[in-house]
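Before any questions on how it binds or moves, here is one chain, the form predicted on its own, in C-alpha cells.
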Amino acid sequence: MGDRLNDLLARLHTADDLDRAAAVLGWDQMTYMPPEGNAGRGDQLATLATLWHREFTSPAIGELLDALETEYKDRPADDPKRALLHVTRRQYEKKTKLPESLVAEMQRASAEAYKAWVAARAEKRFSLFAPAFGRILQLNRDAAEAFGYAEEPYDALIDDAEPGLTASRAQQLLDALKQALLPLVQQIAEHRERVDRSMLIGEYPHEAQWQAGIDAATAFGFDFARGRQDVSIHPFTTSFGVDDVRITTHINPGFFPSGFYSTLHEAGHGMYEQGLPAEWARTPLGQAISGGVHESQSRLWENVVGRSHEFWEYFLPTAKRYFPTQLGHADVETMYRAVNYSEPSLVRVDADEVTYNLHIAVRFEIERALMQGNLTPQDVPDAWAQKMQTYLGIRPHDDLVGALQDIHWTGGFGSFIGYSIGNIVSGQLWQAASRDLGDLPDMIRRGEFAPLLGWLRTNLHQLGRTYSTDQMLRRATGGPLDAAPYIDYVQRKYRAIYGL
C-alpha cells in the first residue's frame, strides 16, 4: 500500500517538476527574454509540455490509481489521500484524451502567437495577430473534440479551467450580472460629476508607485521572502512552488491606480499560491481549485479590501509619503471616492467594479461564437466594437485598446469566465468572513489583515483541491455559487458613493 502511494507520488512529483520548469521559461518569456528568443523558447516549452504529458498520462499512473482507489474506497471523500486520487483521476482521464502531438503543437503555436501579439500591439492592428490567432482557435477546437463535450465544444475548454461549469451555465451567470449592473451603469452615468478622480491623474513616478504597491502587498501578507515582483506588458502571477511565487505589474506613470491595483490584484493571487498545502506540493491536490476561485482571491484583495474606505483610512498616510505633492491635501473620503470612480472604460484591467463584468461578457460571448463557428478571427475587432457599444456605450479607437489588449488569446480559450466567477466568489467569501470574524472593516482600518488572510488560509488555501468550488463554498459560506452577495455588495457600495 505504502509502496504504491509512494510510487504514485514520485511520478506526480516528476510530472509537476516538468510543469514548473516550463513555468520558469514562460515567466522569463514575458519578463526578460529578448524578443528574438521566442522561436527557440517555443521549442523548449513544447519539449517540456510533451515530457509532462508523457509522464502524467503514462499507463503506470492509471494502474496505480486503479489499485489505490480500491484500497481507499471506504475512506471519507475529503480524506487527503482519497482526495488526491480523485483530483488526479479527473485530470488523468482528461489529459489522456489529448494526443501528445497536439500538446506540443499547442505550445509552439502559443509562443508564435505571443510574438505576433506583441508585434500587433506595436502597430495597433489586430490583422497582424489574426493568422496566429486562427491557429490557436483551430488547435483549441481540436482539443475540445479530443476531450469530448455534452452540449458544445466550448464546454470542454471551460471545464478545463472551471471543472464542472458549462457554457450555458456561464452565460446564465453573466446574464444575471448584466441584468443587475447595466441599469447601475446608466444611473451612475447620469450623476458622474459627483465623483472626482482628477488627483489620480498626473505625474506618479514609477519607483514611488512600485514601492507603494510593495508596501501594501506586504501589509496584506504577500511574503517577499518567498516571492518577487517584476514588470510585464500584462500583469500575471506564476508559481514555481509555495516558496517561489512570482507576480508582475504594469505601471502607468500618469495614472496612480493602474500599477498600484495591479500589484494588489496579483498579490491576491500570490498569497493563494503561498498558502497552498506544502505537504501536497508537486501533486494535483496541492493546486488551486480553479481559475475562478483563484481570481476570487485577487479580486477580494484588490477591490473589496483595497478599494474600501477602511483601507484608505489605514494606507493614505503611506501613500502621501510617496506622493506628497499629488496626494498631500487628499482626505480619506476623497481618496476612497476617487479610486472607486465608475465610468465605462476601454481597457479591462482598468475597469471599475460596476463595469468589469461587462468586459468579461464581451470576451466570453466572442469566444463562444468563435468556438461555435459563428465568428472568424477576422471578424473579432468588429464584433468587439459592437459588443462594447452595446454593453458599455463606447467603441475602441484602435485595436490596442480593443481586441489586442489581453494576452489570454495567445494561450487558448475558456479562462475569461473565471474573472466573473472570481468576483462572485469574492462576494460570498467576504460575507462569510465578516460573519465569522466580527468587525472585519475595523480590522482593516487598523491595518490588521492577518485575521482575514488566516480565515482564507483555513477555509480555502490550505485545502488545495480537496473540494470543488461548490463544495468549498458550502463549507465556508453555507451555500453554493451565488451571484447575489456580490451584486448586493456592488449595488450598495456604488449607490452610496454616487448618492443614488
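Note that the coordinates shown come from a computational prediction; the quantities given were computed from them, not determined experimentally. So that there is no doubt, residue numbering starts at 1 and follows the sequence shown.
One more form of this protein, predicted in complex with another copy of the chain, exists but is not displayed; see below.
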{"property": "Another copy of the chain in the model of the complex: contacted by all of T14, D28 and R282, heavy atom 4.5 Å", "result": "yes"}
{"property": "Heavy atom contact within 4.5 Å of another copy of the chain in the model of the complex, the stretch among 92-100, 305-313, 226-234, 285-293", "result": "226-234"}
{"property": "Partner-contacting position among H269, H86, R363, R246 - heavy atom within 4.5 Å of another copy of the chain in the model of the complex", "result": "R246"}
{"property": "In the model of the complex, the one of Q471, N459, T47, Q431 near another copy of the chain [non-hydrogen atom within 4.5 angstroms]", "result": "T47"}
{"property": "In the model of the complex, A484 touching another copy of the chain (heavy atom, 4.5 Å)", "result": "no"}
{"property": "Distance check, Y336 to another copy of the chain in the model of the complex, heavy atom within 4.5 Å", "result": "no"}
{"property": "Proximity of R475 to another copy of the chain in the model of the complex, heavy atoms at 4.5 Å", "result": "no"}
{"property": "Another copy of the chain contact at P35 in the model of the complex, heavy atom, 4.5 Å", "result": "yes"}
{"property": "Within 4.5 Å of another copy of the chain in the model of the complex: residues from 43-79 (heavy atom criterion)", "result": "D43, Q44, T47, L48, L51, R54, E55"}
